[in-house]
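For reference, the chain that follows is the form predicted alone, supplied as structure tokens.
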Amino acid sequence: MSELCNEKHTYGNLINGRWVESASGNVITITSPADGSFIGEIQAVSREEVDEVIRYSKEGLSLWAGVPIFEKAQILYNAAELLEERTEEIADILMMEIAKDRKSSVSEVKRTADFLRFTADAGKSLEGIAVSGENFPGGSRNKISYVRRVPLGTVLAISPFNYPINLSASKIAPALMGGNTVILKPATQGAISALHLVKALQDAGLPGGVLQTVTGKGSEIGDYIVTHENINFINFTGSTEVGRHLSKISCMTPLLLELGGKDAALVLEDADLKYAASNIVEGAFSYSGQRCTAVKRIITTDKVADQLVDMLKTGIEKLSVGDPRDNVVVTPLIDQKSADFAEFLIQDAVAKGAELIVGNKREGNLVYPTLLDKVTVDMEIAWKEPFSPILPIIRVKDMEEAVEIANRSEYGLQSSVFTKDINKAFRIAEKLEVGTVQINNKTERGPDHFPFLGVKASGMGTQGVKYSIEAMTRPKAITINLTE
């Protein structure tokens, strides 16, 4: 098997430059969350095959290290062009594999092409520095340290279902520009889309063994590959539960973890309510809320809550719901389990006294956008990450209480502050225990060269093009001692 997939839509793994099927013959069938239709089959690799992939990755390190940075960058430029040429094809697969609306699917592919180009540019700007010994007390200018960044080795990139193209590339491209080899383990649902990204990178000129893939069930190969002695860095995006597990078993292997969030939008009494409501609706419900940076709760006071609720209700009722092929905003959730959890959160809140404003309707794994008012801190939806189109409103007496409730969460990814008073915005932003505070904007990931990070249960380490390259490289100092 030399191509990505065969006539039966059985997809192979890229191993040492060739697309191959597992020797075991075991495959995993991927069906669409949108309509249950067959998408394709991916390989369920064995532990022995994981060993083989890691061995090829180690062999590819010296080869890749010898490729000049400008040539590494050119491969990423080539891959970006290929992605753009294949946008429609990949977007079609993305749309059906993870039930993402077509507009967002196209946008994800194009954004990834931009990410590859920007990463190539950033990689070319990496330079070493010379440090003189005379800068330190008692030192001498006869001692000079030449410091440059070198690769860590083999990077294990584990990507999630919700952005299988973009969040795979955000791990692969910086690792490659840093001189590492990469093994991609995509989420099972989303793996086919991710493999198309890898195919573009292969066609762009990557040597065999530099980028490889392993697909299969995490329960069978997940812990094995994570704890493998020849994995030098783990870059993971996924749930906090899995992230905590990885941090426990990784045995001193450096980690970059992008985990869950419970992003709060704090709406002050002087805010532009019409703008805030429109912005929050987009931030909460695009791709059905299946984003770590989705707005997941509103915290505001009674003085503006009623007016804000009316505006939110109007905006939510205008949202299109249904099949992703119809370019709607709210599409079926990734699986029935996710829909079951969403339904539980809604029913728990209503049973405990929350006021249902709109929603609470379900068809299979399609959950309609739901707005809950007068949510209290004893309700699960106040603290749990729904990863679904549910938006709770928590009413407080003042912004001090709002900050306290926002910070009481185990998560610390992002928060939004809506106000016309920039001084208030900064004072509140300083108090919020999150990686990023958005002032007068929904919580969101980009632009991709900004630092992106979470604190507490939302992650470990910093992403963003330059920051990711630095995370997957290390300084190496060579000290020159000049003689008289």
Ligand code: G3P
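Model, not experiment: these values are computed from the prediction. Heads up: residue numbers just count along the shown sequence, starting at 1.
Here the subject shifts to the form predicted in complex with this ligand, a form of this protein not shown in this document.
Comparing 158-166, 122-130, 376-384, 389-397 against this ligand in the model of the complex, the single stretch with non-hydrogen atoms within 4.5 angstroms of it is 158-166.
Taking non-hydrogen atoms only, Phe418 never approaches this ligand to within 4.5 angstroms in the model of the complex.
Thr154 falls outside the set of residues with a heavy atom inside 4.5 Å of this ligand in the model of the complex.
For the chain shown alone, Asn232 is not a contact residue for this ligand in the model of the complex, no non-hydrogen atom being within 4.5 angstroms. Although the partner is absent here, Leu176 lies well away from this ligand in the model of the complex, with no heavy atom inside 4.5 Å. Among Ala79, Cys292, Leu206, Leu266, the residue placing a heavy atom within 4.5 Å of this ligand in the model of the complex is Cys292.
A heavy atom within 4.5 Å of this ligand in the model of the complex is found for one listed residue only; from His228, Lys199, Lys72, Arg111, this is Arg111. Contacts with this ligand in the model of the complex, taken as any heavy atom within 4.5 Å, map within 448-470 to Phe452 alone.
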